[in-house]
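The form predicted on its own is given below as one chain in structure tokens.
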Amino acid sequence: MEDTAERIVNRAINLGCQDAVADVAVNRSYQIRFAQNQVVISNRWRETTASAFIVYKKRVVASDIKDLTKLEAQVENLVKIAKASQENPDYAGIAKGPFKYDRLVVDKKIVDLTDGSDHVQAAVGAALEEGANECAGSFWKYDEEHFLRTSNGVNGYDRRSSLYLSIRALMGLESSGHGVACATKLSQFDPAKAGHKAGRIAALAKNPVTGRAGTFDIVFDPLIFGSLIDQAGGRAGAYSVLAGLSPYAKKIGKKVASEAVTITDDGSAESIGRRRFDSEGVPTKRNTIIQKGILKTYLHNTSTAKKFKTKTTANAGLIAPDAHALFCKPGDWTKDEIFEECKDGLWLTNTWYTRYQSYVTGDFSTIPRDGIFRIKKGEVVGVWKDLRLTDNLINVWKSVVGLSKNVDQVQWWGEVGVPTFAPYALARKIGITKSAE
């Protein structure tokens, strides 16, 4: 694989390219899908793919190469495409290596895992214990190797392994709950906890009634709060700012959240998003995006960093920098205190279909899913449905008054694309509309 990456880079340079990056990934993933409380299918992958990034006189092309038997011909074709493309005036090069990397950390017990059915059964059994009738979801074992070469002297190797489970528990068509389990160590993987949570929410969400619009205090469960953290991290990407897709433009050093909020991105920390280097080969590190409510930095690759006259934050994305793993600093409240301080509001457990009315201002809406609970004096007094959270991203973050001491690592395909460590949160006076409005 090292030779394959080297061949891609050398061929591109020999054909006149100024920069080239090749990432050859060996994927050995394993999936179990389950429905109606039973395993329905098991899949295993063993595939090798090369990602190539080439630059010919500021003409940038990126593509995956699936058929490695025709490697040189496909690189030649990419160079032809680059020569026929328009210049990218914002392209300013890639990082210059070589670099030293942290020690490789991989749990051999995950790498050696060949059967995940016990984990599925643990999650389903826990949900049924809580009163759920039916469960569905998926279990994943991820095991990937990456061989990175660049024309600027980078020679990197990484191996990433993790476990992930997503379970949805149902009591009826309108009564559901969602739980996830994520871990990079088998000893820390807890599918039963995810099942208990999904089942508990589903059982509590029976017989919902149409809710009313208004302004409410909101208890955010880690799943939906993880979505908001993901939005904050994504909008802090320098490309999003340059493209007019972020409310954080020209706000470095300004208040964009309450003092309770500190959000960092850290690809070097223990998480299912951990990696030794970014797509340019720069060693990952901790970057504070928001510190006590103040926007401290955008996330950069080499090109965007030069545009903003700063240094890369090791968040390449060769085309667009992005977060690796997002951490919201925990608060000093217990979960019970979060609920007790919600005198008249809602507990939202999950969401989907987050859409922006204006990226520039941050006006957005998102549809709460699974359990939506009416809270009075810290207690659940009703179950609602057919609602939409309609507000402004910066306003929501400025409205956060409390965060729990404990956080959950969350990710799921619908709304939390970046692995995120999220606490329970309490926010004041958040806009809620009916879903048809």
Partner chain sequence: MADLDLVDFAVDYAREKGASYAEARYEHQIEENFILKNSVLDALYFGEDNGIGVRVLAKGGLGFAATNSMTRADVKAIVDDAVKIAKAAHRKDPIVFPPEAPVVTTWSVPQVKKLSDVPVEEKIEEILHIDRELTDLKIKMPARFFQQGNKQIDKYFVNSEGSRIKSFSPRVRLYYFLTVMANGNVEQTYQNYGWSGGWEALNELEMRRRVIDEAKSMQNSVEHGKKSPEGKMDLVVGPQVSGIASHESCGHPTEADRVLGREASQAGKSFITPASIGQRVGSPIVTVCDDPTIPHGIAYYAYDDEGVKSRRRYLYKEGIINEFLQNRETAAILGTRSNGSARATTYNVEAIVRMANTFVEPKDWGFDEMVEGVKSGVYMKSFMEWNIDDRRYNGKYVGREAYRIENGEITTPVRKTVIELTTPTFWGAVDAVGKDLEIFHAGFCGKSDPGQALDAALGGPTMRLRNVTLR
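Positions refer to the first chain, counted from 1. Predicted model, so just to flag it, every value in this text is computed and none were measured.
One more form of this protein, predicted together with its partner chain, exists but is not displayed; see below.
Contact annotation for L78: at least one heavy atom lies within 4.5 Å of its partner chain in the predicted bound form. At a distance threshold of 4.5 angstroms between non-hydrogen atoms, T184 is out of contact with its partner chain in the predicted bound form.
In the predicted bound form, its partner chain stays beyond 4.5 Å of every heavy atom belonging to V209. Taking non-hydrogen atoms only, K57 never approaches its partner chain to within 4.5 angstroms in the predicted bound form.
Across the options 268 to 276, 218 to 226, 67 to 75, 194 to 202, residues that bring heavy atoms within 4.5 Å of its partner chain in the predicted bound form belong to 67 to 75. With the partner omitted from this view, the residue of G137, G331, G156, G345 that lies near its partner chain in the predicted bound form is G137 [heavy atom within 4.5 Å].
Between the options K141, H146, H178, R149, the residue in contact with its partner chain in the predicted bound form by a heavy atom within 4.5 angstroms is H178.
Taking its partner chain as positioned in the predicted bound form, the residues of 352 to 379 that bring a heavy atom within 4.5 Å of it are, in sequence order, W352, Y353, R355, Y356, Q357, S358, Y359, V360, T361, D363, F364, S365, T366, I367, R369.
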